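Given next, in structure tokens, is a single chain: the form predicted on its own.
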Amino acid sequence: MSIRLDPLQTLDLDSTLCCGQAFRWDKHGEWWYGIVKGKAFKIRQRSNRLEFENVEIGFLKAYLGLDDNLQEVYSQIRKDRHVEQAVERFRGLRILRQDPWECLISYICATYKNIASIKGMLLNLSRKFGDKVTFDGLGFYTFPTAEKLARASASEISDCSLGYRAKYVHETAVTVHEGKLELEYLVKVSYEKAKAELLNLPGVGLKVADCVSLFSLGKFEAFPVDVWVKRALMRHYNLHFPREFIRRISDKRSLTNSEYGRLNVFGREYFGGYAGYAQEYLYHYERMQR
């Protein structure tokens, strides 16, 4: 199947799927293969045409955020030459609408890990606790439910190379399985409320809460700050911060909550209601400069 993208549906599929916001996509030749909410499918882009198999059009449009008005996004976030360069290079990069449960566990696992390691942990979890799905001659695994992980022991989860994160994953699974937190409810509340609820979960700090808010709950005002975003802010937006603050955090891998908060508030106030989009462009642009 295929759809033709209209001029308002600018899409850079490669950047969207490889920019570090989701971890269970792999490219084979021209095709991207992934499994989302138990459905394995493949997709590729040829100019302004999107070709795909084994998935419905409506689901795909929602997942890729094709209804987001990127022209409006760009008009709000293009505040300076640096972010303009990031937008021009990766024009069409979109924020995915990930499953909140999978996104939450993914970012708990992501703490202090690179993308390859995160992908490995999530694959191990899915192999051990998910169900195998075959599509196009390839094997995929559904993401384990909260119930599956809640009923497992922390040691069983740790066997998936999660290390200390296993305890957090298990405790979070118990919380969600027992209904103490309804993740879909967080889609309906404000960014501040959703973030506060997420911060009550074990293993969820400020960055994880912001990532989950942005990449699965549709809170575009969220502005996650990791080492790449911090580096971009220190290099290109240093005039907005006191010199002593810049000196103190420039060489630090970890930020205190206060330091994170300062960078986070700057990003949200400077870029506005689509700060999360600005963050992802800055993040991907900074990584690609290596």
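All residue numbers refer to positions in the sequence shown, first residue = 1. Since the structure is predicted, the reported quantities are computational estimates derived from the model, not experimental observations.
We do not show the form predicted together with the DNA, though everything after this point is about it.
The candidate spot formed by Ala110, Tyr168 and Cys211 is fully in contact with the DNA in the predicted bound form: every one of the three has a heavy atom within 4.5 Å.
Residue contact check for Lys39: none of its heavy atoms lie within 4.5 Å of the DNA in the predicted bound form.
Not displayed here, the DNA is kept clear of Ala146 by more than 4.5 Å at the level of heavy atoms in the predicted bound form. Though the partner is left out of this view, Arg253 does reach within 4.5 Å of the DNA in the predicted bound form, counting heavy atoms only.
Proximity of Trp228 to the DNA in the predicted bound form falls within the 4.5 Å heavy atom cutoff.
Taking His82, Lys119, Lys128, Lys207 one by one, only a single residue has any non-hydrogen atom within 4.5 Å of the DNA in the predicted bound form, and it is Lys207. Partner contact region in the predicted bound form: 228 to 236, out of 43 to 51, 228 to 236, 24 to 32, 62 to 70, criterion any non-hydrogen atom within 4.5 Å of the DNA. Using a 4.5 Å cut-off on any heavy atom, none of the residues of 65 to 92 reaches the DNA in the predicted bound form.
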